[in-house]
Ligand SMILES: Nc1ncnc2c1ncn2[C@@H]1O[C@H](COP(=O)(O)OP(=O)(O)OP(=O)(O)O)[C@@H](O)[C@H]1O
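Below you'll find only one chain, the form predicted alone, shown as structure tokens.
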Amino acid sequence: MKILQLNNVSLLKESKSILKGITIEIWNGYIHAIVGPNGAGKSTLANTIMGLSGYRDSSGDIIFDGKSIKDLSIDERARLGITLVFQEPARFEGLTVKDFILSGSKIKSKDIAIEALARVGLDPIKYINRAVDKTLSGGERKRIELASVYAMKPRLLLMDEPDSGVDIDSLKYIFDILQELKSQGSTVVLVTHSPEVLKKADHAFLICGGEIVCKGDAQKVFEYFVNKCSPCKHIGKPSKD
């Protein structure tokens, strides 16, 4: 069963064609990957699905749970259960880790925050009252952000470059949590240029120059990405036509 469908979605930015007639289906309860070289349109596609400012003027349609969300604001999409985790983790000066984790959770319980921290391998006693600020490393902030997603339990999670700026231990916890969310019924979309991250997906789409050039199970797309995508005719940049 599909939870998200994009029908002929295109986007122009600064008179350049960034997305070109994207038509894909995201199946409920799976881990999907959108993979491709830098500049291929991966993050733009995720931002368009989320409805971020500057990415609202796409053509085509975005269907979530059987209904069009193209005209909905980012807040309205979030209330439907869609969330986007950026490549650079959020930082809110003065906000405690507990409050950050519980900000999107329906249940505002300290126990939820403690459980979420433990799930991402961070000692709740050490972290629960810390501030989400520059004293935390990139890997710590990534894990804390993922703990907030775990507490939120979104219906659709879009995650941009999950392996960016994290160590091997943090990456293991990230993938464990993604599997946990999947087992609880969440649908995950990983935006990545990493073949190793691609291997963690059940299904994948390869995007290049704003177009889907291959789709299928992760192994099929992995082989295409590794064997046929170098050199890329777009040289990591969207074409101008």
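When you see a residue number, it is the position in the sequence shown, counting from 1. The model shown is predicted, which means the values in this text are computed figures rather than measured ones.
Just so it is clear, the following notes concern the form predicted together with the named molecule, a form of the same protein that is not shown.
Although the chain is displayed without it, the named molecule can be placed by superposition from its pose in the model of the complex; doing so yields no atom within 2.4 Å of a backbone or C-beta atom, and the site is open.
Among residues of the shown chain, K16 is one whose heavy atoms approach the named molecule to within 4.5 Å in the model of the complex. At the 4.5 Å threshold, heavy atoms of A40 reach the named molecule in the model of the complex. Taking the partner from elsewhere, K182 is found to have every heavy atom lying beyond 4.5 Å of the named molecule in the model of the complex. For H193, a non-hydrogen atom is located within 4.5 Å of the named molecule in the model of the complex, even though that partner is not displayed. In short, of 211-219, 59-67, 42-50, 195-203 it is 42-50 that has heavy atoms within 4.5 Å of the named molecule in the model of the complex.
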